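Let's start with one chain on its own, the form predicted alone, as structure tokens.
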């Protein structure tokens, strides 16, 4: 396993280098700059700011200096937040995104597994159709549509939950549902397919023929094998949830990393954009590696030598 992890680490280095390089030149090619705003600054002030942040230098020299600082673990200062470092702001915002992501995954697992198992016990029945139709809302309705609908109905009309913010129970419910809905649908589909395959096996028929109660057939004999595909899906799904919360965090004004990235893009905060993109790339690599390790451990047909 250690050689497998070492190979993944070595493969990640050129990937991160390419991601950092492409992002660096793309944001420099975009129109405007970090000090372009509605409030027009005097030319002397803009020149002073460009000199302070090294933006007056040729782009190749800016690239070299940034990459050299990155190798030392320094992502630089934020252009928009005075006396704040990019690394410090990421470390403040990421725990919020992590909390939101794990809560959304908990919701998705609970709803998805329950609906998938519930539908599989009576395939091609009204129970099956109703259960899968309900969870398919998560796929059919994107978060930027589902979020405002939930806000309008549950926060504005019924006043059950808060419109925005993060910290209390009333703040968490709507963004967790919005973010976790699509993953709940995928988990329900995987769970239903896996359970249908297991429930058709001979040993399940034997257990039923012996008079084993249906609840024990499901929980004791079928659940473990039927949810293997769901277990394999969890790690990449967590990576997707944590790195894909831009829309949800922006809609609900959650002070997480996704909203920080969106604000940095609007403000043309070069170093903040670079820092969040690289950080997200590292998180995706880590979670995908965890997913591969879990799949190899669960699947006896695979080995770490394959990686």
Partner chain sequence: MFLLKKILLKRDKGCVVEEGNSLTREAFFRLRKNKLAMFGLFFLLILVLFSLLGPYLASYSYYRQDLGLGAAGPSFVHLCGTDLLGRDLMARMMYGGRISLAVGICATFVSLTIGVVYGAISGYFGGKLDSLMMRIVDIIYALPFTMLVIVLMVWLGRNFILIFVAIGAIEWLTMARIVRDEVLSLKNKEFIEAARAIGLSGWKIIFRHIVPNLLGIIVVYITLTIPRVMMIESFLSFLGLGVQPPMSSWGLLIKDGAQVMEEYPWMIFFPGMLFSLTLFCLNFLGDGLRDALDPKMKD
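Computed from a prediction, not measured in an experiment: that's the story for all the values here. Numbering follows the first chain given and starts at 1.
Just so it is clear, the following notes concern the form predicted together with its partner chain, a form of the same protein that is not shown.
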### Message
Contact check in the model of the complex: 98, 203 and 210 versus its partner chain, with a cutoff of 4.5 Å between any heavy atoms. Do all three pass?
### Response
no
### Query
With the cut-off set at 4.5 Å between non-hydrogen atoms, does residue 60 touch its partner chain in the model of the complex?
no
### Task
Verify the contact flag for residue 18: yes if a non-hydrogen atom of it lies within 4.5 Å of a non-hydrogen atom of its partner chain in the model of the complex, no if not.
yes
### Message
With the partner left out here, check for me: in the model of the complex, does some heavy atom of residue 284 sit within 4.5 Å of its partner chain?
### Response
yes
#### Entry: 4.5 Å heavy atom contact, residue 266 to its partner chain in the model of the complex
yes
### Task
Taking only heavy atoms into account, state which residues of 170-209 are within 4.5 Å of its partner chain in the model of the complex, ordered by sequence.
186, 189, 190, 192, 193, 196, 197
